[in-house]
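Form predicted alone, single chain, as structure tokens, below.
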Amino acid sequence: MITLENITKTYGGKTQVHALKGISLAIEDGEIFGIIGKSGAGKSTLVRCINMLEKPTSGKVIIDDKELTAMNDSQLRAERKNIGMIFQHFNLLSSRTVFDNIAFPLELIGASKEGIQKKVADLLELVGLTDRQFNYPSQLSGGQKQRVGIARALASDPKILLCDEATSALDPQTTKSILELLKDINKRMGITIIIITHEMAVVKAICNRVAVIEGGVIKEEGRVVDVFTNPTSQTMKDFVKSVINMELPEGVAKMGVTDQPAPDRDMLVRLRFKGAVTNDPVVASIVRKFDVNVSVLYGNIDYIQDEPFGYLIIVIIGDMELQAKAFQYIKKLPIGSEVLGYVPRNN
């Protein structure tokens, strides 16, 4: 368990910059936890506070009941063996081969040659680079370099793996392969993985839970599917828009949407689904229970890991009172819903 208690981080003297403003988080053993935010939000500072590369100005970092913020330098060095880290720009040693880059942390702790040979061989197989062990970083693609970085981070058998924008320098296909590797490592080894990113697609693909950081403050957190389908912060709303279109279709926007009901207007509603309810016949139920018609203008169903979620934009067509009753029925269902406005009725 990783527990952050009211972490603050302030830089500077007279002109102070408050990078973190009272961050509290609890991250469970073995989960993949995402921390997402825009540039300058404080996410990289936060991850560096977890392994104490940055010492918090105040607050506590507690890992497995050990308070890192109360440790001296030698105690911290020993504890950091349990925390691996991979970076956006790989940070490989250009004068060392793939094998020697992975071996480097083992050499620092005085491991035997035999022990290093076996450990590195196992890690090369894990990340799929056995045939590249004698190459130098300049001979590798970006994805291969990151695989070396992952193997090096795992050399000390850490319990926690911190990933600071680990896929930001990679193309989408390579990013997908790296994320699949991280998921496999998490499943095989039970390592807790913390993903720092500004890419919603990364969170959607790999994370169990996510925290949204904005201006050094956690704005919201929870299961990815919950935060994704019902974002409350502007930051998350912006990120969700980057991977799924929740805007009104252009043709609908041109229909003359207003915010006031009228006898000659019909109710425009957006529905949000997740989990098993995604398969429920909601539209059919509305039509069956009320003397209204329903027109589906836009719909989308996707998956976060194995959990389905979806959006529908519908028009409830009928008498104003029946429209209102139908929407009140919708509000009682285990789905998200909102009235987007009212559109002219097509006679």
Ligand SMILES: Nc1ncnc2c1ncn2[C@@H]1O[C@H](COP(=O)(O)OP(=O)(O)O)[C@@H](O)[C@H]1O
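Remember, predicted model here, so these are calculated numbers, not experimental data. Throughout, we count residues from 1 along the sequence that is shown.
Below, we refer to the form predicted together with the named molecule, which is not included among the displayed structures.
- Per the 4.5 Å heavy atom criterion, the named molecule in the model of the complex is contacted by stretch 32-40, the sole one of 32-40, 293-301, 314-322, 56-64.
- Although the partner is absent here, A19 lies within 4.5 Å of the named molecule in the model of the complex, judged by heavy atoms.
- Using a 4.5 Å cutoff between non-hydrogen atoms, Y329 does not count as a contact of the named molecule in the model of the complex.
- Interface residue remark: N51 is not counted as part of the site for the named molecule in the model of the complex, having no heavy atom within 4.5 Å.
- Contact check for T69: no non-hydrogen atom falls within 4.5 Å of the named molecule in the model of the complex.
- Residues are counted as partner-facing when one of their heavy atoms sits within 4.5 Å of the named molecule in the model of the complex; in 45-60 only T45 qualifies.
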